[in-house]
Structures are given as C-alpha cells and as structure tokens.
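Heads up, what comes next is one protein chain in two forms, each shown on its own as structure tokens, labelled structure 1 and structure 2.
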Structure 1
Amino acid sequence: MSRTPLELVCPAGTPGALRAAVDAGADVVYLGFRDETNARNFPGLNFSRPELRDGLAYAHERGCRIYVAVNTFATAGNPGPWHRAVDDAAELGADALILADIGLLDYARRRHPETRRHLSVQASASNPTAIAYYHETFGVQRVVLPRVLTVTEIARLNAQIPVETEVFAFGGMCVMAEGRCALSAYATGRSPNMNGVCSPASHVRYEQGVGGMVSRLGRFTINEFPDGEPAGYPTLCKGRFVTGGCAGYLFEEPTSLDASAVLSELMAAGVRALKIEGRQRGRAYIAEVVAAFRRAVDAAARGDPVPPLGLGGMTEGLRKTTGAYTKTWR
C-alpha cells in the first residue's frame, strides 16, 4: 500500500547548493541569511536577500518550497537583525520560518501571522506539553524534534500533539540537547545560541604533530588523529578526552547520523518530514545525499524496503549511527 511520502527537507548554504538540492529531488530547501540570525553562521556561507529572492524563484518554479531558519536567540538590546530577518523572509515569500527564540516567535506571530511558523530544533521541545505551548501561544504548525528521542517516544509524542513533526535523518549530530549547550562558548566565547556557531573555525587550529594531526579549539586540545585514521569536525562533543585515566570519545565518536535504517518506522510513528543536516557542506554532498534520500523516501512510501544509501564517504569519521532513535545509544 502506498502512503504519502515523507517530506524531504534539505540544506543549502549557497545558491549553488540550493540548485543542487532542488535538482536532486528536495521537497523543501532550508537556508539562512548571511549573519548571526541562524545556527550556521559560518564564514562565506548563507544567503543575501537577493540570493534568497532568486532561490525562491528557482525552487517555486520547480515545485519546491523554501524554509528560512532564523533560529538563534536575539541579542538583548539588539533585536533588529532578527526582526529584519523575519520580516524579509516573510515578505520575500518564504514558505515557512524556522524559529527558536520565544521573543522572536511572538514577533513573527504578531507581524506575519500568515507565514507558517516551525519550531526549530534549537528550541529543544521534547515533550507534548512544551509543544502544545508553542502551538497555542505562537501558532507553531510544525516542530523539529530534538535529537534525543527514540522512535517509540516519537510515536507516542505524535499521538498527543496537534502539530506536524520533522526529524533529522542524516548528517552532523549534536549529542547534547540542541539549544541547551554552551560548550563552544565555554572554550571560545562564541556560542551556538547567541552567535550561531559551534566550535567556530576562527578558533580552530590543526597542527601536524609527530603522532598525527592535532586539532585545537581555543586553547584546548580536542583530538589527535594518527596519520591515516579518518578525521572529524573539531566540535567539542566529538573530541577525544581523558576520564578516569582513559582517553576516548566520551561524548561521541566522530560520526554522522543516518536514520535510513529506521525510515519506515519513523513514517509509521507519524513523522511528517525528514531533515538532512549540512548547510555547511558542499554541493557534492547535497546532490548525493538528497538524491539518495529521495530514493529512500519514495521506497518507504511504496512500502518497499529502503535500499542501502551508500553515503559512507559523506559521514564524519567515515562512520554512521542511528543516534538517539535507538535506545541503546543513550
């Protein structure tokens, strides 16, 4: 029996990536402006207003939608950039805003009631009561679930809430509850919540040591990769540290989420949309990952088994995990 396919929500950090995602079969492309108003505020990345306008035209002509992430927390005393991001995205015709900040949700509801509001994963809404609050108070119509729930918990949650849910399917993975992590700020002074960056490039150093490549963040050593061993991002939670006299990956190995193995279960759990992480990744990643998940999502909708996606080369540390979707991960 065929069912409505899961909506495939794909990342873009540049206009080139946006076109690659649309061409590869994305239902939706999500993106952010080139500033601190979104959680991938990386150098040389993201969209100007004219680029968003062109991107919207390109996507809409091809039956694809655009969601704009304004998902950092506005700076006290300087809400201007965040308000302008919401205003411009709404006025240019974005199909939805992805928001996390309560003050900004309130602003968007008052100023642009007609524009769909989605709750960003950065809001960390992990239970029915929290989700109901965002729905009732700010008219949120979809929630991107934090990467802390098992498939069983997601199914139970979906039965209790009046809004759609979107879950992460592939890519980089926070092991901490999103929007509730100041590790990067502790080591670098630059914060995911306030600056839209985690373990920012400006504070990363790679050095070739005798034993291999050493990565440092601020003044802290994050990892050392022996020559030939696959590497990962210099994010704190994927670093190698010493506890109880043993060095290891206490938080998480360098690895990427790959939920393709539980796609049918997520569908059965009532999930509406799948999100691919990676606005910071290149066009090649976007094209390959989006095309693979297009096939997977269509197979799952037909009731067929999801074929192997062959995306191993795209993963961090060349490893993948089903993450919190499987209870043993905890």
Structure 2
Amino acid sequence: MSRTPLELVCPAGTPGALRAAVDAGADVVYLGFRDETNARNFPGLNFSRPELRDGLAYAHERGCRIYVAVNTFATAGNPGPWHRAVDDAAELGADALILADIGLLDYARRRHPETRRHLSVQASASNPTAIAYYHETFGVQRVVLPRVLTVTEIARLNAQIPVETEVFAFGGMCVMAEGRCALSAYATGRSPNMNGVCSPASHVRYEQGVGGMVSRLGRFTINEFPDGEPAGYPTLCKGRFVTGGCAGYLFEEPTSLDASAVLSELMAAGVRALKIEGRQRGRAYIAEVVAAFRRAVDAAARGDPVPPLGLGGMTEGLRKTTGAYTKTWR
C-alpha cells in the first residue's frame, strides 16, 4: 500500500480564512478572484489582487502553496476578465491555476507555460481518453475528479493516466454535473458555470407561512419547514418537492461528504491530493475542518488508523456520507 502523504488542499473565501487554513496545517489553499471568473462568486467573498499578493506571501513564508481557481467558462466574445485573471494569478506567483475552459487552458499554456495547470472538476473529466487529451493538448498536470467514482474506479483510472488526481474529501455534495447546474440557471437566470453562482443570495427569500417557514429561489418554492425544523438554504439539488402526492428530497437529502473513512484506500488507489469544499465558509469552520483532516492525513501516511474527526456538527443536515466512493450514495 502506498504511503505517500496525501496533499491537503483547503478552501479560502477571504484573507482571514486563508490564514486560518494555513495555520491549521493546509498544504495548499485554493481561492479565486472577486468576480465571475471563479465558481464561488458570492458577495463578500474572494480576493482582490493585493489580497492575493499578501496571501501568497503569508502562505509561502509558512511552506504552504496557493492554487487560484479560474474555473468558470469565459463569456463568448468577452474573454478579457478571464485572461486577466490567468495573467494576474500567474504573475503574482500562484503555484497552480485551476481551469476548466479549453480556451483558457490554451491561453495559460501559451502565455504562462511555467505555471502548473490543473483541470477543474467543472470539466467533469473522468475517463482516460478525456484526461489524456487535456494532458497532451494543454499540459495539464493534475485533474480534480468528479464526485461520481468509486475507489475501485479511481484506482483503475490512475493506472491509465499520466497525471495526478485530486478528489473531494469533505463538504457539500454538488450533484448537478459538478457545479454546472441548469436548474439553478433556469430558476435565477444566473449560471453557476458562467457567473459562478449557484442559488445566488439575491434570489433567496424566506417567508413565514402558516405553521412553518417557506424558502424560495426566485419564483420557485424550494422547501417548507414546519415550526421547529431548521430552515436550510434553498439550493435546488437539496430541495424538498412534492411528486405523486409525497414530499421528499428527489435528488439527495441534505448531507455532507466525509471521506475520512476511506483515506487509506484512496492512498492505495494512487490519489495525490484531497480537496476540502467550502470557500463560502467562515474562519472557524475552516480552522476546525482543516486541523481535523491534517490529523487524519498524517495518521494515514503513518499507517495508523484514522482517528474520529469529530466534525458531525459541521455537516449539512448533521449527516455525512462517503458518497460514491463506496457506492452508498444514491
């Protein structure tokens, strides 16, 4: 069994979260600029150019790397914001660019060949042919795999490809083609993969109804919560709908991915890095989750049992799943 330590790739939506992740033991922090070029384009989040420069200095002084996500798809006829994001991230000294758009991959390869290029999960590349194309054509050195593969499938894939793989280890489960959700775009007019916003806050409403709370996204009712039940954020893939006279979560009940139970298996499968989801989370969440996974990754690298993470209170719906890794996720 391989004992190469898994690289711990951790989220940051603010400079404070970046410092929290670095201090808690992240090997890498990933982040994006404060615009539509990244897939977490929410008000109050992300980084200006000066903030990225300062964050790079803070991380590099402590042996941590920074990956910049430019992982939405450029608007036809207006690639300027995306080109500037690639240029600025590379020129400021980012350790890698996380990209999905083939035009941006080509641009980065030509303009900044010395900067590592990683393939975003937004590209949904999950077979040897697709991954080989990105590697051979654009010099991609790592691919972030979609959350739909079992550990066995990942091992088989790694045996056939010439690049590193990174998989999700903890956080939200994006089931709508890994962030490219047509339902959210239909409901709000703003596309996750073009504008970087899933269920944007500007379209969210909570209304007190008779006997409970109603959550809406645009003109659509996403969920109804009886009095006493916590009212979750109205994300379409976690919405409760009535079909055939029965109310239920049609796509997936609120739950969080937690791959800590299969870290040794992922190492043996040849995975290089673990990604924690959560660039929209606060500093306290980041610090606790990163520190817990730091302990888990170090234990797995030593060949020791992975200790309980104690993150139950951090999960969505207070539930966790190993997702497709063990085929228990429907």
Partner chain sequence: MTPAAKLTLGPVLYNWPAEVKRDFYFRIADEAAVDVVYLGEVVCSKRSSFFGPYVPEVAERLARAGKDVVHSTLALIMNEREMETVRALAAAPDLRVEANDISGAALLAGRPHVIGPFVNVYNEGTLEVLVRGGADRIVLPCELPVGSLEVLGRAAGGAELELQVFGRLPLALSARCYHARAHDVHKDGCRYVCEEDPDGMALETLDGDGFLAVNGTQTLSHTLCCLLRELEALRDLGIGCFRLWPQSVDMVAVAGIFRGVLDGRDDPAEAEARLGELVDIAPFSNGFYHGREGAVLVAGGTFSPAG
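Residue numbering: structure 1 sequence, from 1. Because the structure is predicted, anything quoted here is derived from the model rather than measured. Take the two forms, find the largest set of C-alpha atoms that superpose within 1.5 Å, and that set is the rigid core.
**Student:** Pick one: which is the form predicted in complex with its partner chain?
**Tutor:** Structure 1 is the matching one, since it is the form predicted in complex with its partner chain.
**Student:** Align on the rigid core first; then say whether the Cα of A76 has moved by at least 2 Å between structure 1 and structure 2.
**Tutor:** No, because once the rigid core is superposed, the C-alpha of A76 moves less than 2 Å between structure 1 and structure 2.
**Student:** Would you say T129 moves between structure 1 and structure 2, meaning its CA shifts by 2 Å or more once the core is fitted?
**Tutor:** No, the C-alpha position differs by under 2 Å between structure 1 and structure 2.
**Student:** When the two forms are laid on each other by their rigid core, does G245 show a Cα shift of 2 Å or more between structure 1 and structure 2?
**Tutor:** The answer is yes, as the C-alpha of G245 shifts between structure 1 and structure 2 by 2 Å or more after core alignment.
**Student:** Using a rigid core fit, what is the CA shift at V210 between structure 1 and structure 2, in angstrom?
**Tutor:** Value for V210 between structure 1 and structure 2: 2.9 Å of C-alpha shift.
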